[in-house]
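The chain below stands alone and is given as structure tokens, in the form predicted alone.
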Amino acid sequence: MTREQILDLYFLEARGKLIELAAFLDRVDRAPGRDDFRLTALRDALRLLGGNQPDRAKNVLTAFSDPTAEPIPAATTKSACGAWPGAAAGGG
């Protein structure tokens, strides 16, 4: 497909997702409380979208991923949270 064809097919969907993300960040910013590792990971991932670097999807996924190679001895939660809490939370 050409660039124009891709834009024709997917631009409105991508635009909608971007607006939805902006609304989410507005809600988070208005809410009381402190940031946690999920918001930090999200903001780090957003910085990766700003340029024309190759492999943006891979780099964004990596920004949320646990970089350690050793498995933890036991799960600390009942479900995934979508971002790596880091060494501060006992993640390695």
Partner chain sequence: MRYIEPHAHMVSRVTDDYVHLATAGCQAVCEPAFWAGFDRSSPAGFFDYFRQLTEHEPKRAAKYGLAHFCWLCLNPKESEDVKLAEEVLALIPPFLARPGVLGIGEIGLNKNSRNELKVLERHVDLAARHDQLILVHTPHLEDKLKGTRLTLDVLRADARIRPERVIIDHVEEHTVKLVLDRGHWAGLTLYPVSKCTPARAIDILDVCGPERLWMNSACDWGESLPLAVPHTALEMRRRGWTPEQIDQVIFQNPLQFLRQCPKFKLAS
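Only the largest set of C-alpha atoms that superpose within 1.5 Å between the two forms is called the rigid core. Just so we're clear, the structure is a prediction, and the values are computed from it rather than from any experiment. Numbering follows the first chain given and starts at 1.
Omitted here: the form predicted together with the partner chain. The next part is about that form.
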I have Phe11, Leu21 and Asp35 flagged as a candidate spot, so tell me whether each of them has a non-hydrogen atom within 4.5 Å of the partner chain in the model of the complex. no
Within 4.5 Å, heavy atoms only: does Leu61 come near the partner chain in the model of the complex? yes
Close approach of Cys81 to the partner chain in the model of the complex, 4.5 Å, heavy atom: yes
Does the partner chain get within 4.5 angstroms of any non-hydrogen atom of Thr40 in the model of the complex? no
Quick one: does Ile72 come within 4.5 Å of the partner chain in the model of the complex, counting heavy atoms only? yes
Note yes or no: does the Cα of Lys78 move by 2 Å or more between this form and the one not shown after the core is superposed? yes
